[in-house]
Ligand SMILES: C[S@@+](CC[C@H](N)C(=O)[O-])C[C@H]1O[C@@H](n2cnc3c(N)ncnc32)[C@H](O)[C@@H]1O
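First comes one chain, alone, set out as structure tokens in the form predicted alone.
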Amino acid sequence: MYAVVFGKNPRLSEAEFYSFIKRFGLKVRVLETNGDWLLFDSDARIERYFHWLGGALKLVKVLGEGEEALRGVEYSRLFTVSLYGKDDWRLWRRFGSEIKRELKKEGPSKFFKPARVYAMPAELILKGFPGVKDFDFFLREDGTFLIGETVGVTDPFELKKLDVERPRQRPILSIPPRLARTMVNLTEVKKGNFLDPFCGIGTIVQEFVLQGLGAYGSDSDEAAIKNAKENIRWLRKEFRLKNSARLEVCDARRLKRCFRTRFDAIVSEPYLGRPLKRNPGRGEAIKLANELDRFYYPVFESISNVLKRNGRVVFVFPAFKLGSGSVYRKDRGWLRRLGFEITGKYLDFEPRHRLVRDIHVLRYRG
């Protein structure tokens, strides 16, 4: 039995998890979901594939339920405790003390206690303290709890490297590598040819290459393609990869002129409009969305010319945080008229953001 702990956008992360298990053909039986985590049965292959999840923080092997499960913890000289479901410093310390008493039966141990941190940062496992064990407590509303041990963590150092250590960067404007990975999983396509028609400096194309996919990217900006090529060269050298990507200067409304390939999936974040200096009103948001749709419509006509039948598209549309605090999301019925079935829609944004990512997952019916 396992549990997966989701990141800062649990709804998007849960949707990615379901797409991820379909994509890699993993046999998973969901037992319980609690918003921030999900409990499930699976074979051990989940441990091998886990690092390809973008929106999850850690994978936990569940030892059991309640105090009895404490007897199943394996010895470690240094350990810490992660607490989910309740923000309680005293309870966190109590659980840590109980595990320490149990481990003392086999030898000396130390409870590593970072100040007022109830969830073990992945950095401590991956870098600072590679030999440490992380024991997880999942607290239910009825007072019962599960105990497990962390067996996999998303590597924050790799994701940071993909973002800030590559030679060409676009701070703020580029999509985060973690989100790029999430979007690739949302396609549910394990193998095949993938295209980002608004690739910019190549963040999403990097993920195609890392996963050994047929990687293609295009952008109408010649300088962006030059920078993307430099980033891909860096990626191949840094991660010792043999595969590469084909990158073309191309108007996304004319994809058929640039590519003879039929694509299995398209993953992209396009131009989302000008930066906003304030939160718009509803009328202004509708006007902004309609203006951008006049650009997106021919883009999707172009996509339909290069996408395989039943091919997948994961595409970021703009939504807007209004002055009232609500979010305006446009209903794009024209997608259905062009043959695209909407299978999922997920928001991704920070509270301070005025422009909101409205991630659409689409299937092309033709």
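Treat the numbers as computed from the prediction; the structure is a model and nothing was measured. The first residue of the shown sequence is 1; numbering continues from there.
One more form of this protein should be noted, the form predicted together with this ligand, which is absent from this view; the next part is about it.
A.B. asks: In the model of the complex, does residue 291 come within 4.5 Å of this ligand, counting heavy atoms only?
C.D. replies: Close contact is absent here: in the model of the complex, residue 291 is far from this ligand, nothing within 4.5 Å, heavy atoms only.
A.B. asks: Applying a 4.5 Å heavy atom distance criterion, does residue 175 contact this ligand in the model of the complex?
C.D. replies: So residue 175 counts as contacting this ligand.
A.B. asks: If you check in the model of the complex, is residue 203 within 4.5 Å of this ligand, heavy atoms only?
C.D. replies: Result yes; residue 203 sits at the interface with this ligand in the model of the complex.
A.B. asks: Considering non-hydrogen atoms and a 4.5 Å limit, does this ligand approach residue 280 in the model of the complex?
C.D. replies: No, residue 280 sits far enough from this ligand in the model of the complex that none of its heavy atoms falls within 4.5 Å.
A.B. asks: Between 252, 235, 189, 83, only one gets a heavy atom within 4.5 angstroms of this ligand in the model of the complex; which residue is that?
C.D. replies: Looking at the other structure, the residue within range turns out to be 252.
A.B. asks: Looking at 156, 96, 214, 270, which has any heavy atom no more than 4.5 Å from this ligand in the model of the complex?
C.D. replies: The residue in contact is 270.
A.B. asks: Out of 99-107, 283-291, 195-203, 83-91, where are the residues with a heavy atom within 4.5 Å of this ligand in the model of the complex?
C.D. replies: After filtering at 4.5 Å, what remains is 195-203.
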